[in-house]
Ligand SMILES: C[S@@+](CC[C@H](N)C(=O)[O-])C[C@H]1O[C@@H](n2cnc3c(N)ncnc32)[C@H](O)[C@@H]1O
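In structure tokens, the next block holds one chain alone, the form predicted on its own.
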Amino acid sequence: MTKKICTWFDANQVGAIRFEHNTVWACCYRSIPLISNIMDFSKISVSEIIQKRNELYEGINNQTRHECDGCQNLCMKNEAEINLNKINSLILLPFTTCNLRCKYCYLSKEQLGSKMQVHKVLPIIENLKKQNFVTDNFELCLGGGEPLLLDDLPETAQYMQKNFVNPTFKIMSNFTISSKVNELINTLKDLKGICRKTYTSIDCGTPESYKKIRGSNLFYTLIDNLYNAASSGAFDIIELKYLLLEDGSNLSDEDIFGFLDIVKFISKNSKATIWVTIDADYGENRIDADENKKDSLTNKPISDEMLNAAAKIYYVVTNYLNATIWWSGGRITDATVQGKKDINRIISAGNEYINKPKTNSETFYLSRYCNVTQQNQPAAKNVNKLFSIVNEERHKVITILGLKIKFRRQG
């Protein structure tokens, strides 16, 4: 017998679940709580999670539950091939505390500044492992708040390496707490048999824009930490995200090409695979999926200005950088109808970008990649001075667009 199943529920497919802010959620695409008001994730009952997942699964099939109507993650499958009793992946965001105040964050300032109630995540993983709820190739995707504030990230990675087969340890971090970054690097670089990923959102290309977006002067700290992570071999995949803002504050050529310079610098010095994610913030466009039964979190396409900025990122990354575009965003995602449309718009605009007239600004920035020239618009001179690396006795000096960044040399 075939039944309708969410790919997130089935361990023979995606098999993921999300623990976030005292609640177990069915997935990441709809606001469907399974269990609420959890005081301690490390003591949660797996049997209760399985029961709630089964209730939703049966409700979808007997049409008594409608929260998932129209979702792109639903499919028909032979009932005998469905496994609801385990998960392959846990998205764990157990607290809201953060050291930054990003202006697009959906959390309030009070939540971001709250006292941390969770300091360790290893007991949570141990509990799920003990109850046989996780598969051998288990993936932990860890966020917050800011997960670098946790006390036991190195120990959690070590536990996963010893107790699972080819597991994945992924941290979604702003990557600005240097002492914690270095501690994690020193642990991960020696771990074998575990896939190590990090994901950080940069969203700009200048320190001025970074301060406006993040409320912090940690732009160069972030680049320094990314360089150390990339060059150390501590990560297998480093995902760099650009979130296009609805208010247009990070859509300038200075920000877009400044970001691309960072990607170029990191990828050139990286032992890891570099992914670049293009996404967009929701602004005021977020839809309450419970109430409206939509198959996407927003049905509003990205603006022409956002599309133009995304096209430049797509064009340069796919043609000139040692990196790969990775569509893993929240709004620009292939998991929703509108997300797919926006992806196709970006790819089309990116492929056509080289043939469109360029401003003097674009010609200047593009000249370092592909010698773009327009009639009466000579290519910028001394391009080699725009991006350079000089090794000093104790430091490495990087010049990007005339800005000198000094890094401590490793070893």
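Remember, it's a predicted structure, so these values are computed and weren't measured experimentally. So that there is no doubt, residue numbering starts at 1 and follows the sequence shown.
Just so you know, the form predicted in complex with this ligand exists too; it's not on screen, but the next bit is about it.
Stretch-level contact analysis of 241 to 249, 258 to 266, 222 to 230, 130 to 138 against this ligand in the model of the complex, using heavy atoms and a 4.5 Å limit, identifies 241 to 249. The contact with this ligand in the model of the complex, taken as any heavy atom within 4.5 Å, belongs to G144 out of G339, P167, G144, G205. Taking a 4.5 Å heavy atom cutoff to this ligand in the model of the complex, the contact residue among Y159, Y314, W326, Y104 is Y104. Taking the partner from the other structure, this ligand in the model of the complex has no heavy atom within 4.5 Å of any heavy atom of N88.
Proximity of M172 to this ligand in the model of the complex: non-hydrogen atoms within 4.5 Å are present.
Although the partner is absent here, C71 is not a contact residue: none of its heavy atoms lies within 4.5 angstroms of this ligand in the model of the complex. In the model of the complex, this ligand sits within 4.5 Å of a heavy atom belonging to A280.
For the partner-free chain shown, Y199, S201, R214 of 189 to 224 come within 4.5 angstroms of this ligand in the model of the complex, judged by any non-hydrogen atom.
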